[in-house]
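Below, in structure tokens: the form predicted alone, a single chain.
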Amino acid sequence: MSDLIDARGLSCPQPVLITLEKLKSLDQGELVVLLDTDTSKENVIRAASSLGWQVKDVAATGVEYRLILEKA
């Protein structure tokens, strides 16, 4: 089962900081992040990549994004 972060409605840098905190607590696995701005999406992807996490999927629904981050 994936962990989930719902960062919708939060202003940067909060979504990035929350995501980084969670990623650092996980050695591997899958994390789903819900966001509602393009800036947050790009910043979370960049931050996750810096820790060795891969973007498995990015789904856009209206103005919201669902990122699936994965690390084996």
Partner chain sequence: MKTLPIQSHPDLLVGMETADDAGVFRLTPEIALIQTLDFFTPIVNDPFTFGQIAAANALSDVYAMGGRPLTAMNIVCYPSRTVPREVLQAILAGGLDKIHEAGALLLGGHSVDDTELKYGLSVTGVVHPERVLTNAGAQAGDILILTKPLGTGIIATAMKGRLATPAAAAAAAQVMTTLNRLPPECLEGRGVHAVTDITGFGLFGHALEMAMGSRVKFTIYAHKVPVLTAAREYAAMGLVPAGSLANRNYCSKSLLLASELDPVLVNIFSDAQTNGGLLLAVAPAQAALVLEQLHNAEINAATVIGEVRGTGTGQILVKS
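Because the structure is a prediction, the values reported are computed rather than measured. Residue numbers count along the first chain shown, from 1.
From this point on, the text means the form predicted in complex with the partner chain, which you will not see here.
Interface residue remark: Ser25 is not counted as part of the site for the partner chain in the model of the complex, having no heavy atom within 4.5 Å. For the chain shown alone, Cys12 is a contact residue for the partner chain in the model of the complex, at least one non-hydrogen atom being within 4.5 angstroms. Using a 4.5 angstroms threshold between heavy atoms, Leu34 stays clear of the partner chain in the model of the complex. Interface membership of Ser50, defined by any non-hydrogen atom within 4.5 Å of the partner chain in the model of the complex, is confirmed.
Residues Pro13, Val16, Leu17, Leu20, Lys24 are the members of 13-29 with a non-hydrogen atom no more than 4.5 angstroms from the partner chain in the model of the complex.
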